[in-house]
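Only one chain is shown below, in structure tokens, and it's the form predicted alone.
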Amino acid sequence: MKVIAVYNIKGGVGKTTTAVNLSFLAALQGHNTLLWDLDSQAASSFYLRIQPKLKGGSRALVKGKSALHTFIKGTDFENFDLLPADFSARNLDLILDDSKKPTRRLSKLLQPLASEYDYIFLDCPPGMSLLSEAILHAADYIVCPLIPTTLSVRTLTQLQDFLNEQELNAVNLIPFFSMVDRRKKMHLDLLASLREHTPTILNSTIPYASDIERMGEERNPLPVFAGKSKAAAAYQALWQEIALRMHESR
């Protein structure tokens, strides 16, 4: 089982669309895949047509009053399950703070699922909090979407510094550029500059595209309703490159 957190300190960089599309593509390849929606906005749950409601709320889930698998829902797609979020997820930091070894709590909750899933994707809220720390401790890989702007790129350095401070050197950080507009010189300049100084950044990029924005209307992963689009091809290339990076890091 590989745990892949889709995370950035900054919001609005394409974390949820990335988490939904990558986890769908993993399932499409025949891998047993779970997507855990950890954001109180429950956008992943909305995209996949799952009612954003947890019996007993996030407290029951994190406190282990019921086994984690009892909260998991099947999606419309084979090999693809979702652990939905609801608005109670806004209190996850407080709930974790009230737990023993809070930064290890998510990792402990995921352990019983190791025999059931090949991949577990975590759709993470933005910011740096106790929940973020627990996510980073639970993850084997951090897929980090970056918009080609100065502030977005700055968060990559902040994230790397935090991983070093927490001695989470075993976690593989996999950054890539999202929402790229190749008509903008600043985007092209930042792509070239960061790739020169950050060899770990992926070659695959996700374009700024109306098809991706349509996910909210279609409530489906992009390959389902726009499989021949450039954006869908970009996510396919991204997943292939991430899978290769994971294989090489074994």
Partner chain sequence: MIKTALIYTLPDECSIAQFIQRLQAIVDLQVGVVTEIRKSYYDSFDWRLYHAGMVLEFSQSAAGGSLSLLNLDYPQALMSADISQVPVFASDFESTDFRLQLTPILAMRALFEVGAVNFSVTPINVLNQDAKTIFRLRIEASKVLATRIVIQIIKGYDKEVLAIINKLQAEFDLLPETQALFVQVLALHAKFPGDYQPKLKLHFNPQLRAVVALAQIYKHLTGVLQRNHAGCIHNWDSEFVHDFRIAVRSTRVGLGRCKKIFPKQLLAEFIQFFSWLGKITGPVRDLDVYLLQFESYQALLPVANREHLEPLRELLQHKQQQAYQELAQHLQSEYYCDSMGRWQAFLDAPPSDQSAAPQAKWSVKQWADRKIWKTYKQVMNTAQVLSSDSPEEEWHDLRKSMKKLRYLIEFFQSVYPKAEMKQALKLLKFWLSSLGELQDLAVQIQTLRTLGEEQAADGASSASLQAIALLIDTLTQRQQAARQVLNDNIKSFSRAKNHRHFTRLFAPQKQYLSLDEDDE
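Bear in mind the structure is a predicted one, so any value in this text is a computation, not a measurement. Numbering follows the first chain given and starts at 1.
The same protein has a further form, the form predicted together with its partner chain, not shown here; the description that follows concerns it.
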Spell out, yes or no, whether the shortest heavy atom distance between Gly127 and its partner chain in the predicted bound form is within 4.5 Å. no
According to a 4.5 angstroms non-hydrogen atom cut-off, is Thr205 in contact with its partner chain in the predicted bound form? no
Looking in the predicted bound form, any heavy atom of Gln51 within 4.5 Å of its partner chain? yes
Would you please decide whether Lys73 lies within 4.5 angstroms of its partner chain in the predicted bound form, comparing each non-hydrogen atom pair? yes
Quick check for you: of 109 to 117, 159 to 167, 132 to 140, 174 to 182, which stretch puts a non-hydrogen atom within 4.5 Å of its partner chain in the predicted bound form? 109 to 117
Counting only heavy atoms, which residues in 5 to 39 are within 4.5 Å of its partner chain in the predicted bound form? Asn32, Thr33
